[in-house]
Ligand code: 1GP
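One chain comes next, on its own, written out as structure tokens in the form predicted alone.
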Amino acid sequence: MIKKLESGKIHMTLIDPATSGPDGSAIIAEQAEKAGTDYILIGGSTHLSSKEMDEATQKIKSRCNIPVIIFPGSSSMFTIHADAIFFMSLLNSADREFIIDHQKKASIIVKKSRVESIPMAYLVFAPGMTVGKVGKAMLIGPEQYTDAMEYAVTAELFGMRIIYLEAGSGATYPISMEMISKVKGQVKIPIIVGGGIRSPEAAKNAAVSGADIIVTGTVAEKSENVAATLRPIIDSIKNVK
């Protein structure tokens, strides 16, 4: 992934099997690959079992050839059939369950597997949506630049390899260009931005502001033509340096 970033921005498609089902998830992934997405993220919900993750991931990989990364909402969301897992900590949660406890519970299983583990800091911004409520996030407001920058630098000093700035799935508005720019200016590790990105303009704004990786999820899951919906979004970030 880091090597791929040397060639330009990356797009990831987030698919929640709890919403789309195993077969629906595979269809979305296949269409997203046709549109040019670089990676599939699987997860998002907190109640998916490892069996459900196995089934969805195997069906996705039977229909597309790009890497599948686990985006876990709980310790049970793991499958040996994925290529990697974001081993993530929700740094601005008010509950240690989402900062360290889920991670502790899954740690030995993840380490013993052949699935690549990618340490990632997860920061949830207003409006936060479901992930903000479930993760008991102390939401970072639109102008709380100092808090966001301090969390980002903390993540980098902890040795995290990626920082994910999340507005929440289905967010009414994305994280601002100024916020992304200020956070990016403080760290050298890649920045992922997701939540509320539904248009080529929103995706390009995030990329121009410093986001290295753009994630879209809801817009694909709700689309009747996933490839046609995602293609202009993906194209909009590929020429941004």
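A quick note: this is a predicted structure, and the numbers were derived from the prediction, not measured. From 1 onward, residues are counted along the sequence shown.
The same protein also has a form predicted in complex with the named molecule, omitted here; what follows describes it.
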item	value
Check all three, S75, F87 and G135, heavy atom within 4.5 Å of the named molecule in the model of the complex	no
Non-hydrogen atom contact T218 with the named molecule in the model of the complex at 4.5 angstroms	yes
Interface membership of L14, the named molecule in the model of the complex, 4.5 Å heavy atom rule	yes
In the model of the complex, T79 touching the named molecule (heavy atom, 4.5 Å)	no
The named molecule contact in the model of the complex: P119, any heavy atom under 4.5 Å	no
Position in contact with the named molecule when the complex is considered in the model of the complex, options I28, I197, A56, V183, heavy atoms within 4.5 Å	I197
One stretch from 56-64, 29-37, 183-191, 210-218 that, in the model of the complex, holds residues within 4.5 Å of the named molecule by heavy atom	210-218
Within 161-190, the residues that have a heavy atom no more than 4.5 Å from the named molecule in the model of the complex	Y164, E166, G168, S169, G170, A171
